[in-house]
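For reference, the chain that follows is the form predicted alone, supplied as structure tokens.
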């Protein structure tokens, strides 16, 4: 069972409501302040999540990266009384840590600890959040790490992530979402330590806080949290950042990032006006699982492009921003966004097959829109998703994260919403939702490739792009489909080529 309660009179009453939920009498009422999410669970572990409604969308213009750098200074910068190395020394014997992550609209801090170690863990973790050290040497270290991520990791070593951020930068040009969460090179270089201190003071406030506790919490846990977070300002002096909608693309707007590359990474997308607050989201979840459930062969993209053609490694689709949690196949929890987009991610494709792969993905989307799912496909996918989604909450921390997400969207957690709604859905409702939301006037495409000029010519020529298989024995049914795919129209194509050195610069 998940309990959610508005937090009143700051953390004092937050503690009282939380305490009430675990059987402790509540304290007095007061003005609304923040919100608590509690996930009771048997067992010896406790999960803690603190979600602040502040993210990279709140970066001031010219100082892009300030929100992420502030979150890094909190999670990896020590406290007023302890250097970060000393914090780690105290975490080590209790097998604990405090993770920090800045996303578009939230900054999330989380950790897990055995209940016997709460007395050591909570004061330390909350001091890191409420009273960070903000040492100059940590500022220099963490800002350099952020710059290295943009200029070395994204530009140099990770073409898949480069393609995904290029797509978002194109989708949300001149928009609070239109850059990596880590910021921009020029923005990071302009940030000062005083900027970080001021950003923390004005944005890490109790009215922006969603506090989550799961597991073996008790009254003493609540008291420890209350004491630890008491230095935080109660109400932010700033209004939350408004996230405006973006207009739809026209035609096929392609950005090619040119760099030395042996393969091609392709990302495709367009904005959608659906989030988990909308009923259609759950119908689209079924359609998306059918088209491209992440890292499974349930999706048609994966079955047809990789399974039947051996075209590449991974072919997935998404109806909301997707960030994989570590090496798992699951998304990170608490990536709440007011605006979403549909996307397809085609992982490394041989250079000579890139245009065919792009056409194949667009052909699959068009086939879904025009023909829809059959009743048999719908039943199979609904059954798969009902069962598969339960894996998303397989840990205490993930359960807590999804519970907080539900509160942010004004819904139950996603897995419970799917369990409630999918049995009542019909195939006609799913196909209608697909036609309403996945049939745009155009799409944005981001391609990372080493043959940019050649690709531009192929994309704008209108000529067929036949696939040549490296082996014999492809079934005739697939060869017949290939004839349709190789001439699938690429309408109103415009191409801009950007040298990788210019990506995320300013």
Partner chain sequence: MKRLLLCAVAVFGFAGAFTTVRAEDGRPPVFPYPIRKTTLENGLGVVSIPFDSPGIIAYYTVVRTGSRNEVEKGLSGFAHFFEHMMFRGTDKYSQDAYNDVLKSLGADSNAFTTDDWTCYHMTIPATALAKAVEIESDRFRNLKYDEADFQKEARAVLGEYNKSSSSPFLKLEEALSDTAFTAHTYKHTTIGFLADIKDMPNQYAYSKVFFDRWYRPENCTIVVAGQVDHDVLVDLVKTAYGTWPRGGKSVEIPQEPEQDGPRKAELTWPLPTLPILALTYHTPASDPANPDVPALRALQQAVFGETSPLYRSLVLDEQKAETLTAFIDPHRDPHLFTILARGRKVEFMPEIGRRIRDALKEAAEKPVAEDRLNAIKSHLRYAFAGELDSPDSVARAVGESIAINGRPEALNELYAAYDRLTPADLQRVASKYFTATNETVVTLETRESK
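Numbering follows the first chain given and starts at 1. Owing to the predicted nature of the structure, the values given are computational and were not obtained by experimental measurement.
Heads up, the form predicted together with its partner chain isn't pictured, but that's what we're talking about next.
I need the one stretch from 456-464, 39-47, 433-441, 57-65 whose residues put non-hydrogen atoms within 4.5 angstroms of its partner chain in the model of the complex. Contact criterion met by 39-47 only.
Indicate whether its partner chain has at least one heavy atom within 4.5 Å of a heavy atom of residue 312 in the model of the complex. Residue 312: contacts its partner chain in the model of the complex.
Answer for residue 262 alone: is it within 4.5 Å of its partner chain in the model of the complex, judged on heavy atom distances? Yes, contact at 4.5 Å.
Against its partner chain in the model of the complex, would residue 298 count as a contact residue? Criterion: heavy atoms within 4.5 Å. Because a heavy atom of residue 298 falls inside 4.5 Å of its partner chain in the model of the complex, the answer is yes.
Contact test in the model of the complex: residue 116 vs its partner chain, heavy atoms, 4.5 Å: Although its partner chain is absent here, residue 116 would touch it in the model of the complex, with heavy atoms inside 4.5 Å.
Which of these residues, 159, 182, 105, 413, gets a heavy atom within 4.5 Å of its partner chain in the model of the complex? Looking at 159, 182, 105, 413 one by one, just 159 meets the 4.5 Å heavy-atom criterion.
Which pick from 218, 426, 227, 153 sits with a heavy atom within 4.5 Å of its partner chain in the model of the complex? It is 153 that has a heavy atom within 4.5 Å of the partner.
Stretch 298-337: residues contacting its partner chain in the model of the complex, 4.5 Å heavy atom cut-off: Residues within 4.5 Å: 298, 303, 306, 307, 308, 309, 310, 312, 313, 329, 330.
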